[in-house]
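First comes one chain, alone, set out as structure tokens in the form predicted on its own.
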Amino acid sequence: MSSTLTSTPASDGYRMPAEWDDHAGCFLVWPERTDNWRDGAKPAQRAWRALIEAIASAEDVTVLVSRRQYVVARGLLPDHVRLVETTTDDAWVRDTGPSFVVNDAGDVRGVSWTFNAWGGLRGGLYFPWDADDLVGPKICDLERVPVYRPSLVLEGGSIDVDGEGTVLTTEECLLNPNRNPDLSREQIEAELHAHLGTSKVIWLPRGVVHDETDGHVDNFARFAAPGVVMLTWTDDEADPQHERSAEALAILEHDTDAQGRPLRVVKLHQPGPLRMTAEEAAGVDSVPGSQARAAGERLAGSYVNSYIGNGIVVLPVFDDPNDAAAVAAYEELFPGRRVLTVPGREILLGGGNVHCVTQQLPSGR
């Protein structure tokens, strides 16, 4: 069993690397909840297969899967994808899994935040969530890396780092009273720096409209390189997303990163707006304690919610007029990587996208 550390990563000389640094592999969790994934989760599982095949073309992939779904997943996934039978509550490993940190010697450790299903009993998306709160330590056990276990309630999708001291986040999420009501903004900043090895937080007020995670930054604004931020955008001033994106743009264009560099912002026009169809909503089981789905509800679609892997970037697309521009922008942002597209709608119907359902394991190199 991996040892649980009582110190902090920063005090031990560790920091969270940027996602574009070299990976030793990637983790996902197989979807199966019928109160979140429509039609017995079969359409979602096909979307997972496409995503896993894309990532596995460039790096090792491990999929956590329940006993009930092990044979199903094994039959659908390539033989070189590792399956590990694990108990989970749902498939959002970015939020339930560990944020990995490294030191200058290349050693890797995990930070397993406290997870309360995006709000606990004050707006959380499902109950119970105790199995998901153990996903982080389990992955660290599997990789035989020591783990930090802070009491801070935080999901991996609520932060994004440049690997050089800067962390992006939103006030809508991290200052939400359903996460850490007894901590001030300054105390939360101190916790971030202690566990990420960062020195500057850039706070954006809000995230994507109707993002049920309370505005996760990984669906809204992320680093594409040091000093470069990609931002979800819309030109439609009547769309409520425009005000949110414009206020973030004003902050980013007038701020600097931890190294003092001005930030270059690349706007990625949102798909849609996209909405759930009656057929899609009807395919989701209605269960007390879980997030309800309704026909016509707005989906928090975004091209920012991608995965940066070894020599690749995996980008969700939506059969939308804005898809082509998003692909072109990614090809310019990541010239040394292949841009691989995967269907994003089924993952979006569950409440997130490609970045939300993946967690990279850095190589430490």
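Remember, predicted model here, so these are calculated numbers, not experimental data. Throughout, we count residues from 1 along the sequence that is shown.
The same protein also has a form predicted together with a small molecule, omitted here; what follows describes it.
Considering the small molecule in the model of the complex, the lone stretch of 240 to 248, 255 to 263, 188 to 196, 287 to 295 in range is 287 to 295 [heavy atom distance within 4.5 Å]. Checked against the small molecule in the model of the complex, the candidates 223, 118, 148, 233 yield a single residue with a heavy atom inside 4.5 Å, and that residue is 118.
Shown alone here, residue 25 lies farther than 4.5 Å from the small molecule in the model of the complex, counting heavy atoms only. In the model of the complex, the small molecule lies farther than 4.5 Å from every heavy atom of residue 160.
In the model of the complex, the small molecule sits beyond 4.5 Å of every heavy atom of residue 17. In the model of the complex, none of the heavy atoms of residue 102 sits within 4.5 Å of a heavy atom of the small molecule.
Judged against the small molecule in the model of the complex with a 4.5 angstroms heavy atom cut-off, the residues 44, 276 and 283 are out of contact without exception.
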